[in-house]
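Shown here is one chain on its own, the form predicted on its own, set out as structure tokens.
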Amino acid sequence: MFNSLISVIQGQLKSLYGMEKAAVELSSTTKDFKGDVTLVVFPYLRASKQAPHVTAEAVGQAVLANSDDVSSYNVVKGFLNFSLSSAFLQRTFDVIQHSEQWGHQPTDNSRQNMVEFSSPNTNKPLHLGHIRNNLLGHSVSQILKASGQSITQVQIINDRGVHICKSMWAWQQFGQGETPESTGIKGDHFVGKYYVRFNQELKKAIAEGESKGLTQAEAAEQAPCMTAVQAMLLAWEQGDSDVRQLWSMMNAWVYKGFEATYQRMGVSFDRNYYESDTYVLGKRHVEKGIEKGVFYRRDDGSVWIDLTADGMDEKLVLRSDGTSIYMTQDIGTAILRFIEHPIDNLTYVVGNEQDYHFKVLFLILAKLGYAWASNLHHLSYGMVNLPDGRMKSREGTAVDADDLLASMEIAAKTISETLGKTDGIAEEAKQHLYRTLGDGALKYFILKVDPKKTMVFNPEQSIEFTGNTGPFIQYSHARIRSIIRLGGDLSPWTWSDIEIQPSEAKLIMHLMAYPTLIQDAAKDLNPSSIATYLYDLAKGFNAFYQNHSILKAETPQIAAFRVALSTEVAAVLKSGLLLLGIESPEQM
């Protein structure tokens, strides 16, 4: 939208100072200054050979005289602040109105990005930590799509290993043949119950071992339940048919449960990878790396890479018995993905406890000669806790995703009915609204926090209809949609009928910023900037609504313009909420 203004500024810099195609960057004027957009003139001082304020004054005068985009300007030292004209705002709003999906770029299939997220274990249900992971992964994927990229969403399911065998062993010992169907328990919750049961048995065995003089580590290693699990894992790796059958049956229970939770969260994947298929993938590439001198083999047969020259340490990539570790698997899986898919970038959504792992992984892939290693990204996010502290799955104190989603729906119902937000709405529509509000409260509260930060999820705060919450923005959208419905058929209007008011100008400026916001959020992999924008837009509309009549405006034409402006605000609120995975109610 600023191309014409930027062109004029470049022309005046050439005319004044002989600068050919000078770089021009415009930013929103800070609240402390008067104006809409600001040009910082310090980069032009070498050419102007004048003080910052003198240069800014000269450029401001020249631009004002040669551009109908600007109505006035002011100078604060080296900051040149422009106030945009009504003509500029009119042209901008016309573009917004005639845009099929304002802010979204057409999909460019030459920009292929893969996003990996979720990565659950099949020994327990998804919990609050998984919710943050899934919401971030889904939202980042939607933002990248809106920026014009083609996106493939994938997950790798950790379906093998000692933790999986713990649930399997406990079910064998204590399950007495019960199933999710026979107990009425959702499959992932059912299997998770036996993971907790194993750890209860292990605690008993450790206490018994310690009473006999063993250390805690010795007691854990020698515990009968642990040795049985280790034997089960070995049998699995050797292809024992009974163990494999048990493993397949219990994993199937979990997958069915996961799928229900994903549907509830509005999350889906284009491709599932399974650790049971990928855990040996990297071995061949490690052998090739030895030949290239990237890795070296120690006397015990284990394979390592020396990264001390890169400021890291020596890293094991293959055990002495030839078995792979997570790093081996991740090397092979990354290579496989670039073979299977025509992707340019691969983004991993994984908690910050794995920061070092991904630094090593990306460096190893670069040393193996893969040029695309520079296009690997780790969206590192902080832990999410509840007000009363952290959760532990093995002790059964984790907050299950299903339980949390259900409790948010109940909370939404309670507060909506208390505030009278559902009066006059049909019962079936009410039930959908409660779920929409509960989901929106949870998703928005989590996504409004910068991913890098550790956060505390507070259910009570998240569900409020005032302040920086999902329900506040959802209610703002519903309010606008109600106004539009009440407006019915409105008089036609033209710009000659309208004098844009300051609060209306602010809304148009806010709408204008949306496309750039999407591109910046895609670059930064940060949904929180979308959340902040939506909150400010909703606040701006509500301030406008409080100070200006819409349907009973001074003239029918002004009323029609204000409905048109409100319609575009609602469209962007809905679009932005969808980028966060949140539905916008039509009625409240």
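Just so it is clear, the structure is predicted and the values come from calculations on it, not from any experiment. Residue numbers here begin at 1 and follow the sequence given.
The form predicted together with the RNA is left out here; the points below concern that form.
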{"property": "The RNA in the predicted bound form reached by all of I325, G467 and S482, non-hydrogen atom within 4.5 Å", "result": "yes"}
{"property": "Stretch in contact in the predicted bound form with the RNA, which is absent here, among 504 to 512, 123 to 131, 414 to 422, 206 to 214 (heavy atoms within 4.5 Å)", "result": "414 to 422"}
{"property": "S320: touches the RNA in the predicted bound form, heavy atom cutoff 4.5 angstroms", "result": "yes"}
{"property": "The RNA contact at D313 in the predicted bound form, heavy atom, 4.5 Å", "result": "yes"}
{"property": "Heavy atom of S71 within 4.5 Å of the RNA in the predicted bound form", "result": "no"}
{"property": "Interface membership of T532, the RNA in the predicted bound form, 4.5 Å heavy atom rule", "result": "yes"}
{"property": "Heavy atom within 4.5 Å of the RNA in the predicted bound form - residue from W304, W372, F174, Y274", "result": "W304"}
{"property": "Contact residue in the predicted bound form, chosen from A220, V360, M455, I151 - any heavy atom within 4.5 Å of the RNA", "result": "M455"}
{"property": "Contact set, 18 to 33 vs the RNA in the predicted bound form - heavy atom within 4.5 angstroms", "result": "E25, T29, T30, K31, D32, F33"}
